[in-house]
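Presented as structure tokens, the chain that follows is alone, the form predicted on its own.
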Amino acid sequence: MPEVFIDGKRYEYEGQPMLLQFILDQGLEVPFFCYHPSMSIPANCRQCMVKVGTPVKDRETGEFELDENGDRKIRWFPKPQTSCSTPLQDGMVVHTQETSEEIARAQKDNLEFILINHPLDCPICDQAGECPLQIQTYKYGPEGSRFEVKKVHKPKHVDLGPRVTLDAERCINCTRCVRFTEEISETNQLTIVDRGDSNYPTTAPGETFDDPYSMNTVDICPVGALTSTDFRFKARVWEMNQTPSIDITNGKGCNIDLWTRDNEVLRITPRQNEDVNDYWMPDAGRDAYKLFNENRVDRPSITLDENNQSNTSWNNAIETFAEVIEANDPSDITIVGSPHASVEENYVFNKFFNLLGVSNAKFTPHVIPGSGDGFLITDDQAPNTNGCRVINLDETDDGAIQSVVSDAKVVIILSDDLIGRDVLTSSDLESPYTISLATNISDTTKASDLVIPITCVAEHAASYVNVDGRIQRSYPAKETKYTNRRLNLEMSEGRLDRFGTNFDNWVSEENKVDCLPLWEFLNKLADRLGLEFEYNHSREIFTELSNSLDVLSNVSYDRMDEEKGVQLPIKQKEVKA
């Protein structure tokens, strides 16, 4: 097997890897800015330089030539090489900054050059705390600058588009953003203008950077030149908790991280998963943070007369819910599941009412033909359509839902704005007594007689099956009125959570929503109705599902965690339609 020697240690390799990626794969470190594993290699930042040599072979014998010490003779390249663009060769010898003073000096000088016109605004820069330039300057850069003349000033606070703001002075011309629009989103909306120390990325005159994936350039910008217009100046990275989750704005199920502070989701960024979304996500998925913070159903509410919906206690809500069920025959009750709710929620929702003799839950997919782009935006607007199919809910079209609702005396809807997406009209819900189990206020909750607030994807652990049949799960990122971050071992804790107190001005109870996980509310309702029904965690629900459904056998939360989701042996055409 071919071999390479890096800083005196021997490694074997297969294929034709590039040197920088191979070094990173071994857990070693070489500083870089322009390189990205999913894009082309321009080698223009010059930061990943290493010293490279190859062993000398005797042309006649093919044997390695040895020096007086019996070691292989090495023919060194005359200048340092950019490791990102250097393919490995059998027998190659590499010295990084760890073993070569020449390379350490070259990287230090290069950083000094990059910093000549870079503003020293780290205290106010949004990238502070996660800026590779800041980190690498601290680790590998000079202690000061010899540049004593006025820096070159470029445009600041430029609105490139509706979601991205440019501070051109911070740009180091790594061209990651330009290559992203050329190679990944393929909109070609960004280019580099001007020359030398005056150049920076921008759009063509009169054009707007409205690429539906534009905010990925913010993620990959190594210096804070491109910033999120929405997130600027809201929080520092060290103040927030980072929690893995799933994008719920369409059927792709992009892997994401939720960034929270004081129980508010402040930003959403993509989480790398090469089987689903690589390093990217659509901008629409980032706007979902508003769904988790704003317009939430907070406390149960009940309609006392035609247009007067007011908050009520949990006890009264449970009692009202129970009385409605007891007053009606199961055949007069229709339950509607949701592709917007998790596998666990749909399962317990269906099981609970099945125990009362109610027919299987129906659901209708939320599909807008033509809205997908063949990349990460799908026609399917819901995150769990295949999850509803896996647990065998009754899939129907909009007309069938309208028909069963009109025949029912009681309609119970799980987390789906059927009016907002034109499946039903307000008049369809005038006759039956309507109960909504919902996360956000919508046209459907406004038309309901009783509204029960339930936790959203940011507040519970649950699983979702994407359009490709891959099941993935979320973690709780936000506390509710009834949960505590320090008691729940699944919840991440930031510096403020560990060391803050209730008297600190960044701690507030106002951002905790008064809601319950669906299974916890159904436990309370089951107690009132005398049903044998109890779950303490979504993990229990999934274990039951895994033991009862062949398609989910051998699937567990632990396996989803280890494998970043599990591909189920299903295809859409094979699932019940």
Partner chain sequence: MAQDWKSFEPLLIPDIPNLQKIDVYEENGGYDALKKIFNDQNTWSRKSVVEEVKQANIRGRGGAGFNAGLKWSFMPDPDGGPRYLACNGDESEPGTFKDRKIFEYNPHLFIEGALIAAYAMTIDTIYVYIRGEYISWVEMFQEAVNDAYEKGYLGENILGTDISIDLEVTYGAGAYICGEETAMLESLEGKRGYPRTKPPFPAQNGLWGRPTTINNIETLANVPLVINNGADWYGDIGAEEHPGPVLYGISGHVNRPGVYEYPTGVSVMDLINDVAGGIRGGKDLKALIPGGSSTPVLRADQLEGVTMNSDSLKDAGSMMGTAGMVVMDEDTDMVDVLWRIAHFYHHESCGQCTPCREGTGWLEKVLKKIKDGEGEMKDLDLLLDVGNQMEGRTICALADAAVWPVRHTINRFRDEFEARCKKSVHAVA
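Note that this is a predicted model, so its numbers are computed, not measured. Numbering follows the first chain given and starts at 1.
Separately, the form predicted together with the partner chain exists; it is not shown, and the next lines address it.
Is residue 368 close enough to the partner chain in the predicted bound form to count, meaning some heavy atom within 4.5 Å? Close contact is absent here: in the predicted bound form, residue 368 is far from the partner chain, nothing within 4.5 Å, heavy atoms only.
Even though the partner chain is not shown here, does residue 55 get within 4.5 Å of it in the predicted bound form, heavy atoms only? Judged by the heavy-atom cut-off of 4.5 Å, residue 55 is well away from the partner chain in the predicted bound form.
Give a yes or no for residue 135: in the predicted bound form, does one of its heavy atoms lie within 4.5 Å of a heavy atom belonging to the partner chain? Outside the cut-off, so no.
Verify the contact flag for residue 106: yes if a non-hydrogen atom of it lies within 4.5 Å of a non-hydrogen atom of the partner chain in the predicted bound form, no if not. Answer yes; at least one heavy atom of residue 106 falls within 4.5 Å of the partner chain in the predicted bound form.
4.5 Å heavy atom contact with the partner chain in the predicted bound form for all of 49, 110 and 151: The answer is yes: all three residues contact the partner (heavy atom, 4.5 Å cut-off).
Which one, 430, 197, 332, 121, lies within 4.5 Å of the partner chain in the predicted bound form by heavy atoms? Exactly one listed residue reaches within 4.5 Å, namely 197.
541, 522, 515, 45: which sits within 4.5 Å of the partner chain in the predicted bound form by any heavy atom? It is 45.
Just one of 151-159, 411-419, 459-467, 312-320 has residues with a heavy atom within 4.5 Å of the partner chain in the predicted bound form, so point it out. Partner-contacting stretch among the options: 151-159.
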